[in-house]
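One chain comes next, on its own, written out as structure tokens in the form predicted alone.
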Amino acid sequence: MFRNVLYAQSGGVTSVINASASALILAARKQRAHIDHVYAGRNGIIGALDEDLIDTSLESDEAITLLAQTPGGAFGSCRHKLKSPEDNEAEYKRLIEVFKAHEIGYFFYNGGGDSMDTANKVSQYAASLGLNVKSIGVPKTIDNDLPMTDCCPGFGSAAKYIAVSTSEVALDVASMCATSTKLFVLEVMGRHAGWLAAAAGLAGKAPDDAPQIILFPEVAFDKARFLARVEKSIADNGYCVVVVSEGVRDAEGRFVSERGTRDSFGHAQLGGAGPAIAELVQGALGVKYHWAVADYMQRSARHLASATDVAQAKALGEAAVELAVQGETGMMPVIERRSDDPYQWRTGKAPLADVANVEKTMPKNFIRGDGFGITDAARAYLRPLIAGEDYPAYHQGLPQWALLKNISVARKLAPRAP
């Protein structure tokens, strides 16, 4: 059996994806009976296809440990979805060539739903050839939309950032609303699932607390109802804070923020829900407004990471290695919640076939009856995920990030065909 590891990062990165990478690499280094070298694909699966591999064994344990407090993707990420072998077998053949050339016996793909699909396809294709390659998906997404796991690494920290930012900006707007801004709109990520938007609801408790309105992808946007609620909030409170998910749609299913373009996965390119909502209110009510898009800040804010999130990201990196050396393939380590209060959890596993291409949206009992806020059930679910702090070490006022050498592995194959 081949004894080397290939680890790769995929999709939009998070503040804790490197924590999973750090834990996985350190765990693999302890498995000397099963594993020799740990390679990383430069820029995700693209690095594997291009035979552009990084030798992580040339990094010290100290550097890999420091990686756990570093945001971004240390080895580079990508957006590239493998089609089925029937549609593009050349890519699969190329992967197998690289696996054989570098004696890859373990493949770990750290990403979201499309990445789990890739890991599953690699597992199935390798098995069809009788090749003993263990392919394991490692979950990551701030959208929290992967099924079969209670939550996804990356979400808890992004949720903490959104909840804290909403609380802070609400105090700012409340201070100035008598003579200045009366509407503030914050746009957060979430194409089909409103988990991040829901997290903003932790900033308030009563219906009149900010955010006074949350717009979820799971609730069809009704312009008249929305404007009436904004007007009432301004009359009652002097201001209104709105948190809107980028994926909010109207009753006909049209995205409020759709640009009319597509990304490399064929998904509609979104962006602009915040300004669209703000301008709608200004046109109808004539109030002064400000809007902001959390964008990359919500997924890279390692300085405000949730301790729960960091612990779970590390635990799933370690669990992935355990699954692989135990002979598992086509699996994903998951978080299993045991209780809300006190919060207890453990790691488990789920077949990638049950995870790939399935989106977990907000359950109805998490969304308030009026569609503009969260319920106590949602609070009970969300609170433990943003709990605790895991601050990075600071030097001269700035966090210390890992600076890896990322030295390439010598190529053994001819370049792949364009």
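Each residue number is its position in the shown sequence, starting from 1. In this text the structure is predicted, and so the values were computed from the model without any measurement.
What follows is about the form predicted in complex with a small molecule, which we do not show.
Visitor: Please identify the residue among Lys314, Arg249, Arg229, Arg191 with any heavy atom within 4.5 Å of the small molecule in the predicted bound form.
Guide: Contact with the small molecule in the predicted bound form is made by Arg191 alone.
Visitor: Within 4.5 Å, heavy atoms only, which of Thr141, Ser257, Thr308, Thr118 is in contact with the small molecule in the predicted bound form?
Guide: By the 4.5 Å criterion, the partner-contacting residue is Thr141.
Visitor: Want to guess which of 214 to 222, 328 to 336, 341 to 349, 294 to 302 is within 4.5 Å of the small molecule in the predicted bound form, heavy atoms only?
Guide: The contacting stretch here is 294 to 302.
Visitor: In the predicted bound form, does His102 come within 4.5 Å of the small molecule, counting heavy atoms only?
Guide: Because no heavy atom of His102 falls inside 4.5 Å of the small molecule in the predicted bound form, the answer is no.
Visitor: Would you classify His290 as touching the small molecule in the predicted bound form, given a 4.5 Å non-hydrogen atom cut-off?
Guide: No - in the predicted bound form, heavy atoms of His290 and the small molecule never come within 4.5 Å of each other.
Visitor: Would His80 count as a contact of the small molecule in the predicted bound form, using a 4.5 angstroms cut-off between non-hydrogen atoms?
Guide: Result no; His80 lies far from the small molecule in the predicted bound form.
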